[in-house]
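There is one chain below, alone, in structure tokens, taken in the form predicted on its own.
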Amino acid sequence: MSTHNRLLRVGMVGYAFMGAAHSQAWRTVNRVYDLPARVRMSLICGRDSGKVAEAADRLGWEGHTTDWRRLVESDDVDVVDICTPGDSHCEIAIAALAAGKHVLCEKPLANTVEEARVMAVAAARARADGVRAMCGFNYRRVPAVTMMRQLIADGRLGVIRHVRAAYLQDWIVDPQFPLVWRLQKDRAGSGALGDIGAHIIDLTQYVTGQRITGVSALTETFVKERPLPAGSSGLAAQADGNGRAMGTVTVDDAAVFVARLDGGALATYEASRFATGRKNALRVEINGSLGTVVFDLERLNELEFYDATRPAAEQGFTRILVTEGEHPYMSAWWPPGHIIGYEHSFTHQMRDFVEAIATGTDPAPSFADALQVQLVLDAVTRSAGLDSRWTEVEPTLAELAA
């Protein structure tokens, strides 16, 4: 396997769950794919000096720092990978783009539409100087999802009529689960809606090629107060009957909405972190005039495909095992039938981003694409606050300029 001489030095901000997933992908991508550039894991950043030093050693980074500004300004960094809570995405991304660094930012792009617009504008300006920016919706890079998109684009489903999407988890069902940052609006922006709802919004728009134009929504916070984590500071607290410090949950626990897409399809979406027994259950079904395709993340290497054009006696759902060399992304992995996992979607994401930077092409999803998802999240929030009133999704900057 040959690799071109160009070197891309990566600096990553954040080292927890997403930081570990991204690190694994950066370590792996050149070992799997023959790319026009070689990745070097230069610098990792985190607020705790001891923990970030340990993370650097464990995850394979050459250096570490507690100052993200130092990372952004470093001459040893060409790419800034943002894996922090949403409240810091905008500031870090704007600084990195201004410094001429390529940026990969985790989803959702920002905590507010205003921040996302600023980021999209900055990315568009930086693009003129050859600087690339991408938002990390990793489920686009699951081979079965990419194949799902291809089946629809090839017309195998005919006219798309229905979209059904659900992303269900249960990790905060226990009311004694602590008030972590994901349950605080000022840190996370929103709850289940932004955390996992953003994924199914992006995924369904990606595979259908249609955009959500309007929504009617409900949101709910089932547990309104939770114990503060040990060592918490800066959070308003009051004691419960047992003397424990409690704080207010300021995000949604679940969001449910119906939507219309610009190609005429009707859609339903459900995002919940209170679906008892569901650990990370993402399921999307697309119904068309000529067939149906179904993706279930718990069967990540498979699609269900119903072809209504076949003779009636032969019709039925077909299980497609997406592990052949001609399937998307699979040529670099294992022989047919040997499955891949969740972590591979991040390796595929890095492959596409590195190729885009090295070849001077535009990666997807762009910050403009991620802004459009943010506008859908905003419409859902506004609709839920207006007793589920039908709410139009605001246009993006590009759409306004068209």
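One rule holds for the numbers: they count along the sequence shown, beginning at 1. The model shown is predicted, which means the values in this text are computed figures rather than measured ones.
Only in words, not in the display: the form predicted in complex with a small molecule, which the text now covers.
Using heavy atoms and a 4.5 Å cut-off, decide whether W26, S74 and K101 all contact the small molecule in the model of the complex. Zero of three within 4.5 Å in the model of the complex.
Which of 166-174, 89-97, 322-330, 143-151 lines the interface with the small molecule in the model of the complex (heavy atom within 4.5 Å): That would be stretch 166-174.
Note which of D78, E304, E115, D195 lies within 4.5 Å of the small molecule in the model of the complex, where distance is taken over heavy atoms; exactly one does. That would be D195.
Do K107 and the small molecule share at least one heavy atom pair within 4.5 Å in the model of the complex? Yes, K107 sits close enough to the small molecule in the model of the complex that at least one of its heavy atoms falls within 4.5 Å.
Can you tell me if R132 lies within 4.5 angstroms of the small molecule in the model of the complex, counting non-hydrogen atoms only? Output for R132 is no: heavy atoms all beyond 4.5 Å of the small molecule.
Any non-hydrogen atom of Y139 within 4.5 angstroms of the small molecule in the model of the complex: Judged by the heavy-atom cut-off of 4.5 Å, Y139 is in contact with the small molecule in the model of the complex.
Does at least one non-hydrogen atom of A20 fall within 4.5 angstroms of the small molecule in the model of the complex? Because no heavy atom of A20 falls inside 4.5 Å of the small molecule in the model of the complex, the answer is no.
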